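Okay, so here's just one chain, in C-alpha cells, the form predicted on its own.
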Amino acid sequence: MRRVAVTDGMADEAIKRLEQANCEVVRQFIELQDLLDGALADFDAVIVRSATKITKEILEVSVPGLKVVARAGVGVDNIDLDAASKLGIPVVNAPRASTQSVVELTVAHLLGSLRYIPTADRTLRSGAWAKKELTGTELYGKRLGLIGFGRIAQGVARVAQAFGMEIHSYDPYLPSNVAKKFDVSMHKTVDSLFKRCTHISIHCNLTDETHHLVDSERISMMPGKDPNHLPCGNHIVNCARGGIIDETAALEALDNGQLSSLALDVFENEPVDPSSPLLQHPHFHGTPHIGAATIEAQRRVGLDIADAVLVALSGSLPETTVNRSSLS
C-alpha cells in the first residue's frame, strides 16, 4: 500500500479517491523540524499547500522513499524545484482548478476599489453616512493592464471586456496568436504598460525577475486619467503572488496620492503583520490569500491533484509536472 501525506488539508472527495486507489492517506500538519528529520521518507507522496515549505534539505532526507511532491494549487514557490529535479522527484500542481475563483476575486477587488465598497461598509458601521465622499468611477472605457496573460488573466480580460474595458497586457512569453484571439493590446515592456493604463492587475509568477516588479518608479508612470482625460485615479490589484509588488513603495504611493487604491489577496510575508501601516490605510483593502478558497475550486484542486499523484506513483509523468523538462 502506497502512503500519501496530506500536510495542509484537502477535500474529502479527493482523499476518498486516493484511498480507493489503495493509498494510505495521512492527514496531518508536519512541523519543520520533523520534516528536516526525515518524516517524509516513510511516504511515497506528499501533498502540500502554501503552509508547508519543501526545501532542498527536506527533500534530501526524504529519498528514496518520497517519489512525488504535489502542490494542491498553482504556485510552487514553496518547493525547491531545482533540488527536486536533481533528486529525480516530479513536482506536480493543479493549475486549472482555481482559475475561475481567482478571476472572480480579482474582478471583485477591482470593483470594490473603484466603488469604495470596503470604505463604505466601514464608515456605515461607524455610524457615518458618507454618501457625498464616496463618488467612485466606472470600469467602462478604462484601460486595464494585465501583467502576465495566462489562464487567469485571460479570464479577467473576458469579464473586463464585458464591462467595456480596453485590455492591455505585458507577457514576454506569450505566443502572438493568443493576444489576437482575445483582442488584447500587447506591450513590449512593462514600463509601456504602466504608462498606458490606470488599472493594473498582476497575473505572473514570483521569480527573481518579477520580485518587486511593481515599484515606486513604475507606479509613478501611471497616467491617472482615462482615454477621455477624465480623472479616474490609479488602481492596482494583486491576487497572484506576494512580493511582486513592493509594498513599502505602494504605501508611499497611497500616501502621496499617486496610487488611488491598492487591493491585495497576497502579501510578501504571510500571514501579514496586523500592525502593518498598509492595513490601516483608508485606500487599501485586502483578503487573506483566499483566491482559491471556494467550495468549487477546492473540489477541483483536490481531485486534480489526487489524479496527478496517482499517475506519478504509477511511474508516469503527469501532464501537470512543473519540472518535466528537468526530469526527461
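Small disclaimer: the values here were computed from a predicted structure and weren't measured. Position 1 is the first residue in the sequence shown; the rest follow in order.
One more form of this protein, predicted in complex with a small molecule, exists but is not displayed; see below.
(message) Using a 4.5 angstroms cut-off on non-hydrogen atoms, would residue 74 count as touching the small molecule in the predicted bound form?
(response) Although the small molecule is absent here, residue 74 would touch it in the predicted bound form, with heavy atoms inside 4.5 Å.
(request) Evaluate residue 70 for contact with the small molecule in the predicted bound form, applying a 4.5 angstroms cut-off between non-hydrogen atoms, and reply yes or no. (result) No, no contact at 4.5 Å.
(message) Using a 4.5 angstroms cut-off on non-hydrogen atoms, would residue 49 count as touching the small molecule in the predicted bound form?
(response) Yes, residue 49 sits close enough to the small molecule in the predicted bound form that at least one of its heavy atoms falls within 4.5 Å.
(request) Spell out, yes or no, whether the shortest heavy atom distance between residue 289 and the small molecule in the predicted bound form is within 4.5 Å. (result) Flag for residue 289 set to yes.
(request) Would you mind picking out the stretch of 74 to 82, 157 to 165, 107 to 115, 251 to 259 that comes within 4.5 angstroms of the small molecule in the predicted bound form, counting non-hydrogen atoms? (result) In short, 74 to 82.
(message) Using a 4.5 Å heavy atom cut-off, which residue among 218, 241, 187, 143 comes into contact with the small molecule in the predicted bound form?
(response) If I apply the 4.5 Å criterion carefully, the residue I get is 241.
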